[in-house]
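Just the one chain here, laid out as structure tokens, in the form predicted alone.
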């Protein structure tokens, strides 16, 4: 059985916690896209962790944690991340890296930085982790696949060819220092030594596991609205954030994905630039940001303050539809307990007309939120395990959201810890 855990919105929905929780009953957890440019925050008996490349199942001794072929593989960051776990007393997890994954190079980060500098005020708000240049090279067929690290003759020729191309851009477009082919080759050989213990034919491994009846979790990064095709283009990421891409990025047939769990936050947040209709500002935003998440709404990778806003039914309904959602995990509900009233975005007004359908970016730029206000519950709900024990107004808020987006909310997260979860059978 394959389950996908993906985000409905701009990312930061709490997928790490849900994956960590579901991993207790899973055998393999697969990261299938993205790179170290975003993070999943997890709190458990070992402490608090921000994972960037590792799947969120690494805290269980029975799991195999897999970096799929669709991932932008930053080898030094992966190795450092593994070390950071064991330094905090976490047993060393079993990790496999696809031999078809491609490698983030040091020059990808440079190109990312140079382009953001060049764009100035029109920049994309990149984390400067090299993700866009990496995927650009992958699809231009000048990236380095993990398997190529073990073919030195091929590597030497390819390094020369790639450096010639890159140096034209560096010298004449960005006016920056050029690459030294020998230094790039040395970098790749160092990466080979670092990654060799983990390399495997991941697709074959997964196929065998599925034949044996193993349970696989596909863990997505970011959310629907950052998908390059279906998101707020061009302020998107560079790999598909949809569950459907999980089959490609892991190397399994699409029919194997039998369940899609889409994670929604009880309010909205986003890191980076792009359209965000329900965004709030000033003191109201500062208060929500300060109370939000576990220690506030700041990016797990960058530390940047997240933009925040009210729950967006339009964006979330769209996000769930594109993911092929079977059920919704509703997170950080406990954060809203300080509010007397809770606004919810139920529609967009565009050029004088109200819609509940999520539009393309050009129209989104003109959209204004249509808000409906619900009464708050004014208490701390952390620690409650039974849905019926939640305050009435809290249950009404959940049920209003569920009806508005049209997908069953089966899990409600009401605190940062693994055990802070309420199950709702059938979402009713």
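These numbers were taken from a predicted model, which means no experiment stands behind them. Residue numbers count along the first chain shown, from 1.
There is another form of the same protein, the form predicted in complex with guanosine-5'-diphosphate (GDP); it is not shown, and what comes next is about it.
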Residue 41, heavy atom within 4.5 angstroms of guanosine-5'-diphosphate (GDP) in the predicted complex: yes
Considering non-hydrogen atoms and a 4.5 Å limit, does guanosine-5'-diphosphate (GDP) approach residue 322 in the predicted complex? no
Wondering, does residue 331 line up within 4.5 Å of guanosine-5'-diphosphate (GDP) in the predicted complex on heavy atoms? yes
I'd like to know if residue 108 sits close to guanosine-5'-diphosphate (GDP) in the predicted complex, meaning any non-hydrogen atom pair within 4.5 angstroms. no
Select from 1 to 19 the residues with a non-hydrogen atom within 4.5 Å of guanosine-5'-diphosphate (GDP) in the predicted complex and write them out in sequence order. 12, 13, 14, 15, 16, 17
